[in-house]
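Before any questions on how it binds or moves, here is one chain, the form predicted on its own, in structure tokens.
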Amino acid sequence: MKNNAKQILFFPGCSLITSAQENYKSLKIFCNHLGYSLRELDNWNCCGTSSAHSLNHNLAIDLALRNLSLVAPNYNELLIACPTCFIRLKYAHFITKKSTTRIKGFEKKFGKKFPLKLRLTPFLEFVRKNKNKIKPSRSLNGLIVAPYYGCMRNVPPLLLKEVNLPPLIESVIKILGGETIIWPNKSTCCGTFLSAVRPRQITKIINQLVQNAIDLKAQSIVCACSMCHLTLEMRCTLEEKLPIFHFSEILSLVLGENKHIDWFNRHLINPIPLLKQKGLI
């Protein structure tokens, strides 16, 4: 970590500290390379997606607002890794700041001033703002990537003018010496929240999605969402599979990070043969 690193407050969300620890580790390393130190929000809780907001609207809002209440007044920005977590926290912040009644209710419930000017920054937007700081020490050597965003850009209508989730993977992969395919599935929902209760239906979706990428000559899929990553790995039953990467893993790898073996051992589809073939490890 750089000694003069700028500290950023960070909300990891449930998946990054459980099933996607490799995403958390590589994201922190990437930020450190750019001169930032992540400070995890103390005592954070689940943002409520997806079951909470499907079952109890008010509870889902309160779960998100509690996290916002934990932000110390000296912080004006909160970095959020998971696109779904970002949408839930952003939605709660947006509808509260537009209502005097909701602001008063927040301050009564949590005993703190509402963070009216707090900026909620999704990881893709953070990368976009810092793209000129990415100085790769190795090339992707022509790695052919299928960029996968899932349905993360399908935001509530109220947030259409508030949310910036840029289609960034393509341009960054090109900068890093890789190639991307144009495929019809980059925004197809992976069905992650139905994966446990409707596995057969989700497997069909995932197999078609991956097969389309294979047919278009992709060598890997790069995900912007850790839940999408898990679903793609877990539900693909094709004989031929593609390695699935977190965007943060690719970013950290080309910046020269050599602790990657700990990440890749956690993958359900082994990416190491492909990475060795491309001279990346």
Partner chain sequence: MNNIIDKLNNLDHINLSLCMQCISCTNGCPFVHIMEHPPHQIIRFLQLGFMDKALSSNTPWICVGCNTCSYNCPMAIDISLIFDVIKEHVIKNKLPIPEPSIFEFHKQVLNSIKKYGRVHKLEVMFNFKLKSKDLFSDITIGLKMFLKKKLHLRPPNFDSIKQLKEIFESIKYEK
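Not measured: the values here are computed from a predicted model. Numbering follows the first chain given and starts at 1.
Although it is not shown, the form predicted in complex with its partner chain is what the next lines describe.
Against its partner chain in the model of the complex, the set Ile181, Gln211 and Gln277 makes no contact: no member has a heavy atom within 4.5 Å. Checking Leu116, Leu158, Ala72, Ile175 for any heavy atom within 4.5 Å of its partner chain in the model of the complex turns up a single hit: Leu158. Among heavy atoms of Thr96, none comes within 4.5 Å of its partner chain in the model of the complex. In the model of the complex, Leu255 stays away from its partner chain, with no heavy atom inside 4.5 Å.
Its partner chain in the model of the complex comes within 4.5 Å of no heavy atom belonging to Cys228.
Of the heavy atoms in Leu63, some are within 4.5 Å of its partner chain in the model of the complex.
Partner proximity in the model of the complex, defined as non-hydrogen atoms within 4.5 angstroms of its partner chain, places exactly one of 120-128, 139-147, 190-198, 166-174 at the interface: 190-198. With contact defined as any non-hydrogen atom lying within 4.5 angstroms of its partner chain in the model of the complex, the contacting residues in 55-75 are Leu55, Asn56, His57, Asn58, Leu59, Asp62, Leu63, Arg66, given in sequence order.
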